[in-house]
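Before any questions on how it binds or moves, here is one chain, the form predicted alone, in structure tokens.
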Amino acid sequence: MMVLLALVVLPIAAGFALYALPRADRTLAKGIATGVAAVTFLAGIALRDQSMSVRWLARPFTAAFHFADDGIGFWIALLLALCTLCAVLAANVPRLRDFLALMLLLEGAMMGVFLARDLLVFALFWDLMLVPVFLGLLGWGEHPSTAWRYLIYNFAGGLTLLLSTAAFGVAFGSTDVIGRSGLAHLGYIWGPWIFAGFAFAFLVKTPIWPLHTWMPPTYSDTPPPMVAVVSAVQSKAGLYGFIVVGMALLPEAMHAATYVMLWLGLISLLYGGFVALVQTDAKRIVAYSSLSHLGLILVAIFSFNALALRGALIYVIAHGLFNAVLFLVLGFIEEREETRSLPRLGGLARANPKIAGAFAIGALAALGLPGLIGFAGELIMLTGIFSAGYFWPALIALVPIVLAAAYMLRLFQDIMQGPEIPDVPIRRDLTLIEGLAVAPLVLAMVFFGVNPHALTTFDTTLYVSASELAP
């Protein structure tokens, strides 16, 4: 119980407490935020088999502040804790105290999403995690319109999620259902409509084409430490929701939407890959590559195959790790060179071998190099999709995987190995703090790349049994 409280409550409480510190004392704010993030990460390691529940609503349906670890949530919560710790270490922005407070509030809100066992609590934390990102975009973003676009899209998704949760509670009598088996099916009257509300929220958050238009400007405008966490973890909330809410609680409605979701995933795969190929803004290349990668995970989930589901969960962690590395390193580069435009960058590897090395490992993991974590997830997903009888989706999914090699190698080549830009002074390489920020992420990519089975040490009985239903 104390571990769960530490994971959810500690970051939120510490985030508010940071506002009591002197705004000018950046060192104190950085030290406290780093300490809180480190304690949260250690608590995440000790999370297994923890549970707490306090009933707080009896009418019109029962609900509880119920938090627990189901195995899947454990790995995503641990990814969140690691990415937040690394992002806090890397943070170097104006008004640092306020920014770090938002980072901790974001961590606590997302912990609530991935550890909640009650649908209503899940929905409340879902809406809460919008606030720090919105304020981060308003306070540190390049264009205020980006913040409002993010808010409008994601608030609309959060509203449908909340309405569907209320309808589920009224129809079933309780929202304390995540992770439970043997639930009565809601039938063909309630089920499809409730699932439609959930699905809209999940597709917006992931994001999936055509509900993705908030994502590229958000990833471009958000400060690198925050976008590293948003792209690495917040984008997985929708995929996580499809598994633990849709697949487990509404399997008939999930199956009814199979072909729609497969097409949306495939379009996202292709669209994201081709658009990334022609971008000249380094952060937008990674943003559109995310659209492609997340589309592949959606296809794997809706193939309803146990092997594809395991591959999807491995790739959720893989995508989080290499996206965090790429955005953090691109942030270091933009801070030094004052640009992220590929035509204005080149030859950085000669004077910055540490930056080049970290960036190379992140890019190679993103393109699926064997030995790094991205390869294992892609291979298992494609094998599962093909085994489920979806030959053409598996074949189409190979195209953006080839495209990933093209745009990631181009990204690395243009920034690190291209011609040096004349009259540009030589910048410093990674500092000790920056190195400490990216090293754990790089090590995790390598470790899980050769030990991907370590990420599947959880019980998927509930989800696998639902996925084995015939469409």
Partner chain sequence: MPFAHHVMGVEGAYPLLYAVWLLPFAGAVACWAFGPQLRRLAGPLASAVIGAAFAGTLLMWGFATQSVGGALGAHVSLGAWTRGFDFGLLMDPLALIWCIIITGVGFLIHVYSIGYMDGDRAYARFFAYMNFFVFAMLTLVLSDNVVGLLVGWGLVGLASYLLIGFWFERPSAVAAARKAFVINVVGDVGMMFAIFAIYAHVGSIGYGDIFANVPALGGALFLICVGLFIGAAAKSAQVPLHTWLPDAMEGPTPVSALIHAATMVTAGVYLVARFWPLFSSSPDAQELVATIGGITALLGAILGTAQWDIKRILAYSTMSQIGYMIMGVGVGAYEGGVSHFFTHAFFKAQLFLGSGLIIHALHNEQDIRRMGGLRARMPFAFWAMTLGVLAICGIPGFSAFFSKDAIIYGALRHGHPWLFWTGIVTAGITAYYMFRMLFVTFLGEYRGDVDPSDLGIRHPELAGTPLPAAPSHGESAEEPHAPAWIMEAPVAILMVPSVFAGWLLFGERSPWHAFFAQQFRPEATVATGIPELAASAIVLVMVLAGIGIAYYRYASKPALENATGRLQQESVHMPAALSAAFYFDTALDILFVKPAQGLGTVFGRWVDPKVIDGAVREIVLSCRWLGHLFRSFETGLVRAYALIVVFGAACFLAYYAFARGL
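All of these numbers come straight from a predicted model, not from anything done at the bench. Residue numbers count along the first chain shown, from 1.
We do not show the form predicted together with the partner chain, though everything after this point is about it.
J.: With a 4.5 Å heavy atom cut-off, would you call Y153 a contact of the partner chain in the predicted complex?
T.: Y153 belongs to the contact set for the partner chain.
J.: Can you work out whether M52 and the partner chain are in contact in the predicted complex, taking contact to mean some heavy atom pair no more than 4.5 Å apart?
T.: Residue-level check for M52: no, no contact with the partner chain.
J.: Taking the partner chain as it sits in the predicted complex, is G435 in contact with it (heavy atom to heavy atom, 4.5 Å or less)?
T.: G435 lies outside the contact set for the partner chain.
J.: Mark G418 yes when one of its heavy atoms lies within 4.5 Å of a heavy atom of the partner chain in the predicted complex, and no otherwise.
T.: Residue-level check for G418: yes, a contact with the partner chain.
J.: Can you pick the one in L309, L105, L364, I72 that has a heavy atom within 4.5 Å of the partner chain in the predicted complex?
T.: Of the candidates L309, L105, L364, I72, L364 is the one lying within 4.5 Å of the partner chain in the predicted complex.
J.: Consider the chain as shown here, without its partner, and state which of G173, P343, P94, P210 has a heavy atom within 4.5 Å of the partner chain in the predicted complex.
T.: Contact check passes for P210.
J.: For the chain seen here without its partner, which of 316-324, 395-403, 224-232, 243-251 has a heavy atom within 4.5 Å of the partner chain in the predicted complex?
T.: Of the options, only 395-403 has residues within 4.5 Å of the partner.
J.: Using a 4.5 Å cut-off on heavy atoms, which residues of 114-147 contact the partner chain in the predicted complex?
T.: Stretch hits, in order: L120, L124, V131, F134, L135, L138.
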